[in-house]
Every structure is written in C-alpha cells, then in structure tokens.
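The form predicted on its own is given below as one chain in structure tokens.
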Amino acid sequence: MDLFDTAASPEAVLAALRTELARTADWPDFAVRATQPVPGEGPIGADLLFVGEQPGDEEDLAGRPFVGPAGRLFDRAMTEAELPRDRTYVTNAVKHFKFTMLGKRRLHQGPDAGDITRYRPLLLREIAAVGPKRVVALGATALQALTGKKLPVLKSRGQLLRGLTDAPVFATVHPSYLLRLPDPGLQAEEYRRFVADLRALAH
C-alpha cells in the first residue's frame, strides 16, 4: 500500500508506515545499525499525541517508545497529571536509535536537521492517521519536526503553536531534560512545571 494514499484507513496507513520503517536501506546509516525501528503506539483517535526526539537504548531493544528512564519519568508525570497514557498516542520524530559506541556502551547521539527532515513525512502521516486534537512537542527536536523551524523550547513552553499538522502544537520540555538537571532542587521544581504542563492539556 502507498503510505500517502489519502483513501487508506488509519490502520492501513500505520501498518504501511511500519513496513516502510523496516526497509532499512531507505534510511540513514544509523538506522541500519539500530536493533529495530520504533514506531508510535496508542489508540487511533487519541485526543493527545506526544512526539519525543528518538528512541533510546531501551526503546531500541524493546521496539516500543518511552520505556527507558525518560519514559518512566514521563509515565509518572502523566499519572500525576491524571492523563492515562493508554488513552494517548506516543511516538518520536526520528524512529531509529542514533548512537555512537564508547567501548561496549551505546551512547545517545542527537539527530541532526537532516535526520529530522528525512523522517518528517512519516511523522506527519502518522499524526494524520491518528487524528489528535492536539500534538505535544516534547523538546527541541520534536518542536522542529512539527513546525519546520528551530524554536526555543523554554520560550515556547506552554504555548499552542501553528505547525505542519492540522492540530495545534503544544510545546514543553522532554522528560530527559529533567533527568539531566544536576541540582535536585531545580529538578524537582522543573518536574512540577512539567506536570503542570501536562495538566493544562487535560482541559
């Protein structure tokens, strides 16, 4: 099936997306080195669709988005904000784990503008198939993928922006940002702000 067939059902589009991602020869070199592609998950017709950066080490091994340390923090914040994750759709701007080796460790390597652009058509088709009322950009990579612009996340935070999707884009930080904060007090304060962002989406 053609991934961009506008007459196709949402289920067929998402299935075609998974097939397209499995063709590693069509994707960057780091996609070939990844264990597997990591498509989004969640119900079609979800009101909220969350977009992160890319799979991490644990997501790459599991084949599921947001199951690593940042994902567990995300789940905790979602629970506190009374937003059941199983009623939302969660995905990433880039669908393969980009990493560099340090000994036997695979260290996260952030996607560049070319990576974001390359994966964007699939991301936008995925969002259109799900049909959310709002799309949530978690961090700078997601915000760039969804708007086509490099926007400062902290200045855009909490705003509803016009992006490349039919649904408005709500900007907030990525949970991994919270994990990288060295000061425990600041981390706790920023976590509370993140939960408040999520609570705002419930209304």
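Note that residue numbering begins at 1 and tracks the sequence as displayed. This is a predicted model, so every value here is computed, not measured.
The same protein also exists as the form predicted together with a small molecule; that form is not shown, yet it is the one meant from here on.
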Q. Has each of Ala140, Thr147 and Gly163 got a heavy atom lying within 4.5 angstroms of the small molecule in the predicted bound form?
A. no
Q. Which one of Leu48, Ala31, Val169, Ala70 is close to the small molecule in the predicted bound form, taking close to mean a heavy atom within 4.5 Å?
A. Ala70
Q: Determine which one of 59 to 67, 148 to 156, 22 to 30, 40 to 48 lies within 4.5 Å of the small molecule in the predicted bound form, judging by heavy atom distances; exactly one does.
A: 59 to 67
